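Both blocks below hold the same protein chain, though in two forms, and each is given as structure tokens: structure 1 and structure 2.
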Structure 1
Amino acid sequence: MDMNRRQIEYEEAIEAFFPGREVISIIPHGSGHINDTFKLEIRQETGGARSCFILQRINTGVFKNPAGIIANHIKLQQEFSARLEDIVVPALLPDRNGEYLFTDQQGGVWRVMEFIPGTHSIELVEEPWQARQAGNAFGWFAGRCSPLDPAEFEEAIPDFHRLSFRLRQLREAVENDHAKRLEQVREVVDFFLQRAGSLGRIEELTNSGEIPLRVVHNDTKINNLLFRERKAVAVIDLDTVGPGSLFYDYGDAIRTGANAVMEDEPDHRKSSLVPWAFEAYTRAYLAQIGSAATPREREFFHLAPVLMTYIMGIRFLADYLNGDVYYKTAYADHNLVRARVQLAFIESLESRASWMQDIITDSLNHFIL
């Protein structure tokens, strides 16, 4: 979806959350693929101080039950705010009726969050401290979520990281060839379908209960962290928080935080595993969650990066074949470029498999069960 094609009417939402307040500025913010995000600056009272907020229009095509994601966010917010910590999750703000969701006359669904000041997100890890900080922050998040009961959280998108579901979607997209793009991407489709059989292990282990269902983030892309100076200080984009596996969070963070290039690098041949970023992230992440991981989880962490890169690759490819109906795209082949980067990253991960496994084992060996 091209954001420019849609006129975004936010006045009504601003009035609902900040009745009568002066709007100093409102500008699109960040580079998420799903929601419409704005940084909003408000003057609290005439001549008074300025405050910034994040205003978001939730993508209800993707999140069919926005009330569910708000309920999850509030649960987390309450749980986390009980402690004073140096990493936070942003708090939601109620509108003039005390509601956390506002629906405008066009059916747009909006929410407001506190703006975490003086921070920025990164799209690419370029220095070891960034990988270390990212691992520490997502590991902190996993640790804080470990006492929570996944049954008490809504599944924001059913079967979100279920491989068999994503493969079915790809196969349907191939069959329908809705956008008539299949011919030009046959070899990419073949690459992904050839690997379909070998990656089902994590789903089997999750289905059988051998790998525990936990409350996890489910979207640990590196730009879903906020950094202040040299520290990761907030975990954001909580829409998908809910039942899942630690492997999803670990794998997706490696996919985006230990790749030499961005997810949509036009020259996909540049996509490869950055060993120092992998090692720094892995050691920091596992240092946070090490003792909470079960023996069975410890055995299979090494499969997570390929699995998650594979899942994202087939999602981008299916969206390309479907005519770009899910992710925001900036140009015609954007989703294909993304899928090719995932393909190249999988090849790179496969070539470093035993080295990665050694780092994981060594990191986990610091924790005696």
Structure 2
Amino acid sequence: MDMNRRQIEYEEAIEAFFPGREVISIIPHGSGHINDTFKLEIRQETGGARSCFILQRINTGVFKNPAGIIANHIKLQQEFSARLEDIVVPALLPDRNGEYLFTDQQGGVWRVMEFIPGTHSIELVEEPWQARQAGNAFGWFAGRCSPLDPAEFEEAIPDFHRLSFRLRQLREAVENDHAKRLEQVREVVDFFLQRAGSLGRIEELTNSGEIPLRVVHNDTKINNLLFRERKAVAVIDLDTVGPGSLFYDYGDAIRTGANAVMEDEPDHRKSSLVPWAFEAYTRAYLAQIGSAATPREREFFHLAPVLMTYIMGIRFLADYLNGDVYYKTAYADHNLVRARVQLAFIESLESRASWMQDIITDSLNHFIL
């Protein structure tokens, strides 16, 4: 977006949320790639104290129902604000008309959230304490959301983690072969399609209600937490919160936080499970939600990391076959590299399946249903 145009738009938004206030500074904030996010510092009144806030322009190309994600956030805010907690979610602030969304003259949709001072984010899990803190924070979030009714929450991105939907996308990509790349990746396609049936069992049990639908975060990378020194103190980036499975949150946290390499490591053979990260995260996460886990959830927890890695692998592969139309790529085979990293991580998870299940079972056995 042209910088001058964006400045006009955010000045309009600032006036809507903070009419007549002096802007001291506004700078881009965070590492997110979807929404436009700024740290805003204003003077609350003439000669008064300075205050910081997060000003954000919502990407309505991705989040097509911004009112829905605001409604979800408000529900969480109301649920959590009545409690005194060591971990928080950032609060939304209303504009001058009492609304939590403001639409500028160009159609941009804006919101303001509290800024949580003295915090920082972490991009990679590099030490056991980080994995423990991430597991504790996301487990806290899942536990606090456990009483909430998922039917009252909007689905921010329909079918986001639905395996059958992602498999249909892959099969269509294979059938159409728009980019004429199928011949060189048939063994990768076969790898993923061979596992479709066994992993599909989880969706079947969720559809039948045997595995409960819950309110979950749906994007549990460690950079969606804020830390103060060595403690996670806030769960952020709540746009994806909505109906889902505990397996989504637990599985994706292991996929992103317990792999030895980044998801686009050129040498996919280096992709493997980091045992200490898996164990630290798992024990902390299940300590928070273990008593709320149902027998069916307990039975299938060990498959959650495979499921989420599988879903991301087929998404990367389908995009590669379609000609790289969804994910940003830096070179011709970037999506294929990503898919191969997921494939190698699945192989590593499968090779340690018994050990993983022992850790999960031992962690859950501390709770009596």
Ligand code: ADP
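What we label the rigid core is the largest C-alpha set whose atoms superpose within 1.5 Å from one form to the other. As the structure is a computational prediction, the values presented were derived from the model and not from experiment. Please note that residue numbering is based on structure 1, beginning with 1 at the start of its sequence.
Structure 1 is taken from the form predicted in complex with the ligand, while structure 2 is not. Taking the rigid core as fixed, one finds a CA shift for R168 of 2 Å or more between the two structures. Here G107 does not count as shifted, since its C-alpha moves by less than 2 Å between the two structures after the core is aligned. Fitting the two forms on the rigid core leaves the C-alpha of V337 displaced by at least 2 angstroms between the two structures. Comparing between the two structures on a rigid core frame, one finds that E350 has its C-alpha moved by 3.3 Å.
Here the rigid core is superposed, and K180 then shows its C-alpha moved by 8.2 angstrom between the two structures.
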